[in-house]
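Before any questions on binding or motion, here is one chain by itself as structure tokens, the form predicted on its own.
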Amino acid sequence: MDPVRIAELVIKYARDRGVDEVEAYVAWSDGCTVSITRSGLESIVSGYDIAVGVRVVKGKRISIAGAHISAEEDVRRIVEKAISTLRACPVDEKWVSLAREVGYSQVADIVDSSIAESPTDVAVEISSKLFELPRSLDPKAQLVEGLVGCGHGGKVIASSYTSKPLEMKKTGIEAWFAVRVSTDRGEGTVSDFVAATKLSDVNVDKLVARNVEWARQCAGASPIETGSYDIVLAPKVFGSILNVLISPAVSALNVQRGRSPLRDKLGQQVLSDKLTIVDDGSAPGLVGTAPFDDEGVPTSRKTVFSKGVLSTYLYDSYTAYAEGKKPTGNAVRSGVASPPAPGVTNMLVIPGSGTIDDLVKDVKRGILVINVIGEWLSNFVSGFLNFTVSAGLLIENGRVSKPVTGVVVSGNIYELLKDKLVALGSDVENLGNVYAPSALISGASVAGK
């Protein structure tokens, strides 16, 4: 099935039924997922999928329907379902229109021909490396489990405001894995995640070597005493915290609904002057890069925090038009049957200088935080941060010493990132579409034994 034709059919069927506005969102993917256990490659699943979302408008009533399809005949049923529920939908007095500023931005390096042509071969090659490398680096190391996804896909958007459907294609790789090392002190386990649009951006050898070493250092970990500690956050830990607490707080939808602590904070110093954070959906070759967002609005680069000063919120068309503004190209859909909402494209933290080892050298008493769990339970509405260190190392007088696990770090994210952020490293890594360096925060509250 041709995604462009599918989008055109949506527009035709809806217009024939006399709606005021219509939007078609078609997403397709063709890829492979490999599961790995300590015994080897466990399963390989591949396939093609296409899904359609339809948004129709009559007056100020808006209805959405969507589903995965297997034939063109399914398209009419989705359109009919969206239209049939219009009468039951409430009137939205804030509604203005679907996105009108549609088009493309210039983007590069989001398609890797080797992935597009042979996603299964690429996924199997990466999976085999993840399985074999730990043991080759250390006879007492092994891969515990892993999951590798690889493929290509795209989206097509058409609406009452497009002269012809907008179309984009993209490739991607994602891999999650955990390695374990046995020592005389006990076992240490560390996990990691990598995501990229191109195979050249995935250095499996380097990732596995680093995690085997960290797992060896973390063997036999135990809690430490409760107290105040400086904490050095590994790049992906820092990225995860920003994704959970800062990303939703800069969404104009959360701001307008009174669910963001950043409401009425534009132009104010809310983070440290060491922190500049950019949203850029047009940056070359990054995970969240695309020529347009999930409403067809061109992506762009915008500074969200300039040296800690809040410069802008992120808007889709609905939230932008409600304030008489233009959308910023940040519409994101959680599924084809869900309305778009403002979200980050690529969140980029402008790095500092030095490596994570340099940050450690500046700490007298602290924790190097390598892996965490539970950070997703933090509350972005209040800004309360809470996570458990699952893999970490105690820092004493600028050097790592004994391994640490099972301690809880908590605090208000804005206090930590405004008043207690000491330094940022230069070692940027990405957790999905969030690109962040390591970070040193002083005097964090740690609950231990």
Partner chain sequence: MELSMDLAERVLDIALSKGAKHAIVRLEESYYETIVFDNKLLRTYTITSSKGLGIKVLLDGVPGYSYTHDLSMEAIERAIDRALAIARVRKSRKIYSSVSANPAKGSYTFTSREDLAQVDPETKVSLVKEANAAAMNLEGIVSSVTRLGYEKRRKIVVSSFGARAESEVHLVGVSQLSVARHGATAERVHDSRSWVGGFEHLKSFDFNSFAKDISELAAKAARARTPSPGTYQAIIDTHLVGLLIHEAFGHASEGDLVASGASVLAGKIGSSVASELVTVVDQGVVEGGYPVPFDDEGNVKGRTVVVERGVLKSFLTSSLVAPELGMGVSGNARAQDVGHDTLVRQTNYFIEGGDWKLDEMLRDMKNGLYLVGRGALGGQVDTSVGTFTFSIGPSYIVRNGELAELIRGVSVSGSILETLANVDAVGNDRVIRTSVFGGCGKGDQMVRVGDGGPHVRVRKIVVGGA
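Numbering follows the first chain given and starts at 1. Note that this is a predicted model, so its numbers are computed, not measured.
Unshown form predicted together with the partner chain; subsequent notes refer to it.
At the 4.5 Å threshold, heavy atoms of Lys170 stay clear of the partner chain in the predicted bound form, well away from it. The closest non-hydrogen atom of Ser260 lies within 4.5 Å of the partner chain in the predicted bound form. Interface membership of Trp28, defined by any non-hydrogen atom within 4.5 Å of the partner chain in the predicted bound form, is ruled out. With a 4.5 Å cutoff on heavy atoms, Val57 does not count as touching the partner chain in the predicted bound form; it lies far away. Heavy atoms of no residue among Tyr104, Val181 and Asn433 are located within 4.5 Å of the partner chain in the predicted bound form. Residues of just one listed stretch (274 to 282, 117 to 125, 301 to 309, 362 to 370) have heavy atoms within 4.5 Å of the partner chain in the predicted bound form: 117 to 125. When you look in the predicted bound form, the only residue of Leu266, Ala108, Val96, Leu377 with a non-hydrogen atom within 4.5 Å of the partner chain is Leu377. Checked against the partner chain in the predicted bound form, the candidates Ile231, Leu253, Ile157, Val344 yield a single residue with a heavy atom inside 4.5 Å, and that residue is Leu253.
Residues from 61 to 75 that approach the partner chain in the predicted bound form with a non-hydrogen atom closer than or equal to 4.5 Å are Ile62, Ser63, Ile64, Ala65, Gly66, Ala67, His68, Ile69, Ser70, in the order they occur in the chain.
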